[in-house]
Every structure is written in C-alpha cells, then in structure tokens.
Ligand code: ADQ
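One chain comes next, on its own, written out as structure tokens in the form predicted on its own.
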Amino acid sequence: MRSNHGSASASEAAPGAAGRLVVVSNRLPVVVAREGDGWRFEPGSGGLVTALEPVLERRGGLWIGWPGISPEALAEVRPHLADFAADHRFHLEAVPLTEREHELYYAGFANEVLWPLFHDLQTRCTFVPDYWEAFQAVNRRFGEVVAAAWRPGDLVWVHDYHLIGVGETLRARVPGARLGFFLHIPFPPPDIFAKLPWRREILEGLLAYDLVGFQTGRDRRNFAACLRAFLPEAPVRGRGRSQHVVHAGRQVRILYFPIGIDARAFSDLAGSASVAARAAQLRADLGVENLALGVDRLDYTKGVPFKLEAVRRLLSERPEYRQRFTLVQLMVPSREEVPGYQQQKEEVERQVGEINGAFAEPGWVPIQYLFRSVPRDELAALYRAADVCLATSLKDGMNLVAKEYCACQVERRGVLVLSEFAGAAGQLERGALLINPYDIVGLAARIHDACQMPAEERRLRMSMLQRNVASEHVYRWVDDFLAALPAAAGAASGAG
C-alpha cells in the first residue's frame, strides 16, 4: 500500500474501521512530572514519538508504555492519564515498574547488553544474569497489560529491542491476536550475535509475532543468518522481499521497512518566516562562511569523538578554515544513568575544550557545543542555516537527523555528509557524501569537499535527497507495515 499526504491510507483510517491500533513501547509519548501538588504532562521526545504520535492522532487507538514514575505515583496519576484522550484521538495505558525493575531491565539488559551488541560493540556488553531475569519479568508485565487491554480486531504493534519478549506473553494469553514487531536499531550478524548467552531465547521471542520488521535489507539478512545458525529448526523460506520463517506451526513474515519522517511538516516549518529569520540570525551571529552542524543524542554509537578529531585535523592541515569554519555540535541528553554514556559526555567535552583551546581566536571558536534539547523550531533553524550536516554514526538503525536536515534545506544549498554504516545510507547514497566514520583523515577530507562543493552540485544533490525523503515518509512506513501485518496474521492462522 502506498499513500501520500493527500489521500486516505491505513495510517489515517477511522477509529474502529479495522480494529484499534495498539502501540506498545518502553515509554509513553508523554513525560509525567510533579508540579506543586499536581502533575504536569509534557510531550515526549525521540524518533518513535515523532514517527507514531501523528499517526495515532489521525487514526485513533491506544498507546501502552511506562510513564516514568513509581507505581505509587502512578496510582495518583492514572485518572489524569484517562483525561489525555479528551484532547487527543488516542488513549494511554500505563505499565507500572519499580525503580529497581527499570534499572535492571532498561539501563541493564536493554542498554548494557542488547544496545551495544546490536551495534557491533560487544566489548561494551555486560552479560549479567540478573539483567536477563529482569528483562523477562518486565516483558511479561508489559504483555499482561496489553492482553488485559486487548479487544477483538485490535492490531498490536510492539516497538524496539526493549520489548522483544512481549509477544510470547501475548501469544499465550491472546492466541488469535495480530502481533507485529518493529526493530528500530540494527540487527547484528551471527558472529556478533553469538556472544549473547540468551541468543535462542531472543530469536524465539521474535518469532512469537506474525510480522517482524527491520530497517534495512542488511538487518533482515543478519536475522535470517542468525536463525540458520542458532535456531535451525525454524527454516527461512522465500526469496527477495517475500520471506517468512516457519516456527511452532506458524508462519512469521520477516520484512524491512525503512522508517521516514513527516517531511512536509519539517519543510513547512523550515520555510516559515520565523524560522527563516532565526536561521539568518544564527549565520550572522556565527559569522563564518562554512557552518557545519552535528545533531546527536548522547550515545557512544554516534561517533561524535571521531567527528571532533576530523575537525581538529581539518583545522591543523588547512589553516585557511580558521575563522571561516564553525561546527555547531548539539548533544541531546540521553540515558545518563548508563555509565558508558556519562563517560562519552566527559570525553566529548574534553575534546571540545582541547580543540577550542588550540584554535580559538578573539571573536571565533571552531566548535559551538550545546548539551541540551532544543525546541523543534530552533532545530529547524539550525538545519536551514547549516552548510554541511555531519551524521557520522558508527552504526545506526536509520538516522532520522539526516532526513530532517534534507527536509529543512528549503534553499537547497546544504551538503549531507553521512556515515555508510547508518541505515539511511542505502536510501540517501546518491545525494549524500558517504564516509567511514572511523577514517578520520577521510572524514576531514570529506568535510573539505562539502565546504568547497559548487552551488549547482549542491542543488542537484539536495534535490535528489529531498525527493527521496518526501516519498519515503513516515506515513508510507506505517501504511506498509500495517498492510503487511493482516496478511501475515492470515498466513499464520492457516499454517499447519
């Protein structure tokens, strides 16, 4: 199924037309915080919220996740969660977790085991048995909450590595439910996945769904290879895009659906008078000919230290860029409770200090470092103002920053420098300058190439990128997944 912003689609179906869409994720799409004697609800952040909240606002449905507060506080907040639907077209259902459960399941197994392993950084893994036990228990809890809320005809869509095991509980509690799972991060090859002590259990957990979706064909190939290596009794059948796995008397489809953004919304925002004025002000304030931008979550997979070293090398070997080049590096706080993330923050801040100390001159510093979240209109202004965007992740499921930058380049004068290890590289390779982020010499050279690129080539490349981002938008991603899931459920119910 294909859609555009002007036509009806699965993501815009009327509530109840084909059953509710039930989204299940680690966090609810709102942040709950105490304010005086009451509670304040703020919009959540992150790619999943950005992608799915507009879909549920159009379609209606239910979002299930942890609210970020203790079970005791949840008892007080729950009536306010019920009021959420008064201002939105979808409802919220909260999963209670203690601080200890969240520490072991989320900071522990999800982000000290699965996250580094799935990003090919197995040396950062901490294989603690208590983490695994908590992960199983919390996934069962999520599954029980979903099962209690389930209605006949519902379409349940579970998201990301935190909740791989939810499907097993749902399959046992609601055998006929339509269950889909989407992995937003990469899936590792067998030689990396082999390190996981619970590799069979993770694979069997994924095969409890009717449809398992990945970001890229590479990720699906890795998953199929891991099944052949570690779960040979679940054969992978089919060729090309139409592949499925036979397991426990059921067929499980395995497909890939590259996630997109709401390109029109970003483009409209970047084209607004207020954002245009702010972008012009940013360029005037920084006063350089070559403005580069990095937008990254605080995460060791984003390759920020390599990016900074490339800037150091550029300024050392090409002194003509001094006072003519500035990198604005926005680091968004994330998972600061995980030890490796705090270490990354300290390393980045040390590098920024060293580089600025070595090269800064009165009225100019080479790196403007911001450690905070910024409003969406400010981000759009940064995207519009930047001559070059440096998306240098060591490995990424997709990298939506690259797509957001392209959508906001309304004047088509920017250049995207993109890691070849980002999922987005397969879609954007024709217009972007692809780089190996580990190659500091090569990255510095690519930054130079981007800064020196003629205006006409910039326009041609950015036009290609924008056509891709506009056509592969988030609503198409949702439509494709939802269209595939009922077919998968039908195939499963007929499997012998």
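One rule holds for the numbers: they count along the sequence shown, beginning at 1. The model shown is predicted, which means the values in this text are computed figures rather than measured ones.
Separately, the form predicted together with ligand ADQ exists; it is not shown, and the next lines address it.
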**Proximity of R297 to ligand ADQ in the predicted bound form, heavy atoms at 4.5 Å** = yes
**Message:** Taking ligand ADQ as it sits in the predicted bound form, is L227 in contact with it (heavy atom to heavy atom, 4.5 Å or less)?
**Reply:** no
**Request:** Evaluate V332 for contact with ligand ADQ in the predicted bound form, applying a 4.5 angstroms cut-off between non-hydrogen atoms, and reply yes or no.
**Result:** yes
**Message:** Whether A107 contacts ligand ADQ in the predicted bound form should be assessed with a 4.5 Å heavy atom distance threshold; does it?
**Reply:** no
**Item:** One residue of W115, F135, W157, F142 in contact with ligand ADQ, assessed in the predicted bound form (non-hydrogen atom, 4.5 angstroms)
**Value:** W115
**Residue (of R278, H184, R199, R318) lying close to ligand ADQ in the predicted bound form, criterion heavy atoms within 4.5 Å** = H184
**Message:** The chain here is shown without ligand ADQ. Which stretch in 352-360, 184-192, 73-81, 202-210 comes within 4.5 angstroms of it in the predicted bound form, by heavy atom distance?
**Reply:** 184-192
**Asked** Q215, L379 and D396: each with a heavy atom within 4.5 Å of ligand ADQ in the predicted bound form?
**Response** yes
**Prompt:** Though the partner is not shown here, which residues of 352-387 have a heavy atom within 4.5 Å of ligand ADQ in the predicted bound form?
**Reply:** R372, S373, V374, L379, Y383
